[in-house]
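Single chain ahead, by itself, as C-alpha cells, in the form predicted alone.
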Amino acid sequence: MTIRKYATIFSIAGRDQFVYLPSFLVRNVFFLIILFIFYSLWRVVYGDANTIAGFTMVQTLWYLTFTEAIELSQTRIFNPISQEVKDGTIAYSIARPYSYVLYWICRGMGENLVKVVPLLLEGFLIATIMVGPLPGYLSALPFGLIVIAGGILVGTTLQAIIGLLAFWFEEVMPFWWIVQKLIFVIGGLFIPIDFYPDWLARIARATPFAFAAYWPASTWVAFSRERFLITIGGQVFYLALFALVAALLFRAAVRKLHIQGG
C-alpha cells in the first residue's frame, strides 16, 4: 500500500505535466540555442583534432544534449516547499498520511521524467543534424536512460534538502544558485570533466554533482559496463546519503515547528 501510494503521486504528477508540455517545449528553444553555440565553439576548438581527452567532437556535442536534458527537465521543488514553510500551510501538509519529503520527490520525479523524454528526442534530432549519429547510441540506450533518471533523482533530492532549509533561512534561492553553479562546473554540465586538469578531474568525479550530470552523460556517450556500474553505485550512495540528510533535517524542522507553533 505504501509503494502504491507514492506510485499514485508519481503518476498523477506525470499525467498533469502533459497538460503543460507544449508550453514547456516552447520555452526550451533555449536548448536549441545552447547546442548551436557549443557546436560552433567545439568546431573551432577541435579544428583538425580527432579527439580531446578521449572525446570526439561527436561525443562532446551528444554529451551536452544529455547533461542539458537532465538540467532543463528538473522541476524546482524547493520553491513550493519553501513557500509552504513561509505561509504556514506546511502545518497541514505534514499531518497527511504520507512522508512529506517523499511526496515532493515523487511529485517532482513524475514531472521531470515526462519533461526529459521530449528533451532527449529534441537533442537526438539536433545532434544528428549537426554532427551525425552517436556510435553505440542504441546499444547504450537502456543503460543511458537508467542513469539519466538516476541523475535527475540526485538533483531532485538535493532540491528537497534545499527546500527544507527554509525552516532556518528566510530565502533558500541562494543555496540553489550555489548548487546549480557547482553542477555547471564541478558536475561537468557544459564540459566533460575529462577536459579538466588531472587533479581537479579526480576531485570532481567523486562529487555528487558529477553523478547528477557528468557520469550519466559520459556513460551514454562512451558506454562500458564498468562505467555504468560506477555511475549506478555513486548515484545509489549519494541518494542514500541525501535521504538520510533530508530525514534528519525534516525531523529537526518538525521539532522546530512544534516548539515555535505549539
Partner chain sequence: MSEPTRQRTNLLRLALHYFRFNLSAGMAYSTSFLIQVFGMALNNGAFIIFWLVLFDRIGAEIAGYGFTDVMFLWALAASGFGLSVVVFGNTHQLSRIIYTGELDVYLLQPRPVLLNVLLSRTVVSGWGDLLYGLSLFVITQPMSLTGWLLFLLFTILMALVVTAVRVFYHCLTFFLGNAEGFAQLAGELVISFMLYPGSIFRGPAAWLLHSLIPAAFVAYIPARIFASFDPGTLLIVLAADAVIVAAAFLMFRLGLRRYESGNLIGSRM
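Positions refer to the first chain, counted from 1. Fair warning: this is a prediction, and the values are worked out from it, not measured in the lab.
What comes next is about the form predicted together with the partner chain, which does not appear here.
S.K.: Between 203, 229, 236, 37, only one gets a heavy atom within 4.5 angstroms of the partner chain in the predicted bound form; which residue is that?
M.R.: The residue from 203, 229, 236, 37 that makes the contact is 37.
S.K.: Given that the partner chain is left out here, which of 191, 94, 131, 161 has a heavy atom within 4.5 Å of it in the predicted bound form?
M.R.: Only one option qualifies, and that one is 191.
S.K.: Given that the partner is absent here, state which listed stretch (119-127, 152-160, 100-108, 177-185) has heavy atoms within 4.5 Å of the partner chain in the predicted bound form.
M.R.: Looking at the other structure, the answer is 177-185.
S.K.: Each of 43, 52 and 196 near the partner chain in the predicted bound form, meaning some heavy atom within 4.5 Å?
M.R.: Each of the three qualifies.
S.K.: Within 4.5 Å, heavy atoms only: does residue 170 come near the partner chain in the predicted bound form?
M.R.: Residue 170: yes, in contact with the partner chain in the predicted bound form.
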